[in-house]
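First, one chain by itself in structure tokens, the form predicted on its own.
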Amino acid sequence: MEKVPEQCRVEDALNIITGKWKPIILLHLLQEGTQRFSELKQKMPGVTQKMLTKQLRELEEEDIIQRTIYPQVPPKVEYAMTDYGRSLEPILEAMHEWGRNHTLRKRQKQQSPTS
């Protein structure tokens, strides 16, 4: 399939999954299944409640994750990957591997003597 640069949709895809915390949120939900807001917050101590809420809402708006609210006191809210969101798993895995390999490459380059 020929790809025409002017019609490239990579930027569209990246706009959906990028954000400081979105990849981490997605990986937690993919690997650990359904999580409560407090569980996600605890696993990402550097994120503010406001930022976590924002990133979760953006992912929910794109139908990547699903939010379920249970009518109880105190309110219980859970987040899970949608079937559509699960289609990102091989992409995120490939990006993780590329990032790991790139980091190793940079480290090796820094350690090798310059010519």
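We number the residues from 1 along the sequence you see. Since we're looking at a predicted model, the values are computed, not measured.
What comes next is about the form predicted together with the DNA, which is not displayed.
Contact between residue 20 and the DNA in the predicted bound form is found at the 4.5 Å heavy atom cutoff. Interface residue remark: residue 80 is not counted as part of the site for the DNA in the predicted bound form, having no heavy atom within 4.5 Å. In the predicted bound form, the DNA sits within 4.5 Å of a heavy atom belonging to residue 74. Within this chain, residue 43 is remote from the site of the DNA in the predicted bound form, having no heavy atom within 4.5 Å.
In the predicted bound form, the DNA lies within 4.5 angstroms of at least one heavy atom of each of the following residues of 21-39: 21, 36, 37, 38, in sequence order.
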